[in-house]
Structures are given as C-alpha cells and as structure tokens.
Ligand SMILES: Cc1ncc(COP(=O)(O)O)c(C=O)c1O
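A single chain comes next, written as structure tokens; it is the form predicted on its own.
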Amino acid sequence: MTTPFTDDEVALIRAVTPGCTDELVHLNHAGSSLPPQVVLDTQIEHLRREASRGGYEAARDVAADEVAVYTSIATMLGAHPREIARTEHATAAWNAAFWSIPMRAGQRIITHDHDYGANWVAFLRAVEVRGVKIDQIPSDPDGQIDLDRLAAALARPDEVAVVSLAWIPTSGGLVNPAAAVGELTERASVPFLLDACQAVGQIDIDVASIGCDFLAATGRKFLRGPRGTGFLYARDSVIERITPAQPDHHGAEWVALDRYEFVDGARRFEYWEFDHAAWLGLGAAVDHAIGLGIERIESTIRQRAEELRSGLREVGLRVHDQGVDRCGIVTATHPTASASEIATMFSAEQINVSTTHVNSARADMESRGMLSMVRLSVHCTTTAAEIERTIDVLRTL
C-alpha cells in the first residue's frame, strides 16, 4: 500500500480547503465532501463570466476547457475520453447505462444484496415493463458478493441481461471485489454495470483491470467536486451494442426529417443543456485529486477509517462494516441511542455525520435486522485530532 500523507501534508491539503476549520469536523464525505478552493474558484469564475458575457457566449469562451474535463476523467480511470459521458449525477449516469442495455422477457438481472435503493427501484420497474427477473446474489461469510454463487448464476449467460454491482455500498465500509466480478462477466460476455458512486475519489481505479462495461459516478462525494455533477464511463466495445433510451439532438444528430444517428462514443448519452460552471468545477476536482495522488488519498483514507473504527468500538458502539477490504465509510450503532439521536448530538457539537436507513439498502439491512445506522466517512483531510474529538463526544453518552 502506498504511504499515507504525513500530518504536515494533510495540513497543506486542509489549508486549501475552505471548509476545513478548527470549529467543524466533517465526517460526511460519503454524502457530500468539502471541495478544495480551486473547485470553488473555477465555478465562481464561470458564473461571473456568464453574468457578464451571457451564457452561450461564456460557453464558447471555455469550450476547450470543457473538452479537457473528459480527458481528466479518462486519465483518472485509465480510459479514453470518448468513453466518458457527462451527467448531472450518479443516478442519471447509472440509469442511462441500465436502460440502454437490451433485455428480453424472462432474462435475469443479477445483483447483490448491497445494491443501492435507486438501482433496485429500476430493477423492479424493468420487471414491470420488460418482463425480466431479479436474481439476487447473497453475500459470502465476509459480507461481499459471493463469487461462487455469481459464477453459477452466469453458467447460462444467454439468460442474463446484466450484472449490476455496487462497488462500495451506501450501508457500510465494504469494498466489493469488482475486478473478480469483471473477470466472470467478461468470460460470460454479459454486460457489467458498476456503481462507483462511493468509490471514485477514494480508490485508485483502472477500468481495464476491472473489466466493467459501464461505470457510474458522482462528483460530490469523495471526488470533492460540485453537487449536480456526475459522469458515465461506457467501454468502447459495448457502445454499438446498446441504445440510449432517451436521446436528444446532442447525443444524436437529426440527419433527416425521419431519421437520426447517434454521435460517436459515450457522449450519445448526454443532453445538450448542462451546468457549465459545475462541469468545469468537476474537472478542477479531478485534476486536484490526480495532483495529490489518488493512491495516497486512498491509503490515508483507509488509515483514518481504521482509527475511527477502533475508537468507536472502544466507547461501546458496534461497528457494522463488512468485507475483506474496507474503505472510508464507517457504520455503527449505539446500544441505547438511535442513529438519529447520535447524529443530532454530533450536529450540536459541529460534527457532520449522516445516517443510513433501510430504504436505501433494504436487501442488505433487512437481512441484518437493522433499520438505521450512523454513517461516518473520512477523507484525506481528516485528522487524528478530529477522530479523537468525535470519540470524546461519544464518551459523554
């Protein structure tokens, strides 16, 4: 594992992050992280440009900068810029991919206990309108997707429409073995849709090594970009085998009164209108993360998360994170106080945390007999002193 940032390096990263103050402890990076100053400056600069020049004119001024964002994202993923599509959030990216995949009545959607609530709603809708079935793969004893059960489910690949996996679920620190899943889906020639909403920005990613056909992500979480931004990676080899469900005249060219043609690459999933300032801000966030070194970000996050888990256990909380591999999301419950009570108490002490509820991860949480958990999530900006302050608050219970 790459060496984590030193305390001095963390202090430098915090110094260029306006939200990092002595008063506030932000442990909600899995919800929405604290952006660096360069992201804020980039957005504000373009908003001022729009206000003084006009929206269309401002967009023309930064056309080359907007194209460069695709290159930055592709560099981060080990992809090609033509394989990246701009979206307004991870759900839009995921839905664009999911509803483009051909599905026949009777085919199966293979998923895992830990898939996200929004994705499950799409599965259920596909059951209604496409006549498919949901094949829910359980977890192995460590809590990650059972690879043996997945391999068995892929034994008849013609019966499978897609494999959907949440790489890092919303309901805990589990990191699913995405590359092992990709090896199985590639062998079976079955589309693999990877929800990387919580992974991008905190894990070093190489889509070629993973073997996914689609990867959906957001900007606001560990990537430390603006809210209202996201992107979709769509592998070149799958592009011509899918059909975007709701194209417009940006993703498809209206070539004749009775005919349209999709544009090349993943941008066929895009719409003409978007938040230009936010997209530029996302590019700034990606470049900032690459400049810091995502491998070192990952190493620092993992170190801080383990420190937090240890502290929570020390004061009597039960940590619920599963998996052989764990990340910067930490979930826990208190013996007597509810998750919402804990979150309210933290808020009064200017400590930002979140709660995870069953409606976001029903297949997982119901199987574990839980309705809600406190969710704390660290980043490379998190200090040991902030973790100790958080634990001290819990000691008062």
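The structure presented is a predicted model; accordingly, all values stated were derived computationally and were not measured. Just count from 1 along the sequence shown to find any residue number.
Although it is not shown, the form predicted in complex with this ligand is what the next lines describe.
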{"query": "Listed range touching this ligand, judged in the predicted complex by heavy atoms within 4.5 Å, from 164-172, 294-302, 314-322, 74-82", "finding": "164-172"}
{"query": "Exercise: residue 197 in contact with this ligand in the predicted complex, heavy atom 4.5 Å", "finding": "yes"}
{"query": "In the predicted complex, residue 90 touching this ligand (heavy atom, 4.5 Å)", "finding": "yes"}
{"query": "This ligand contact in the predicted complex: residue 116, any heavy atom under 4.5 Å", "finding": "yes"}
{"query": "is_contact(residue 108, this ligand) in the predicted complex, heavy atom dist at most 4.5 Å", "finding": "no"}
{"query": "Interface residue in the predicted complex among 326, 220, 267, 235, criterion: non-hydrogen atom within 4.5 angstroms of this ligand", "finding": "220"}
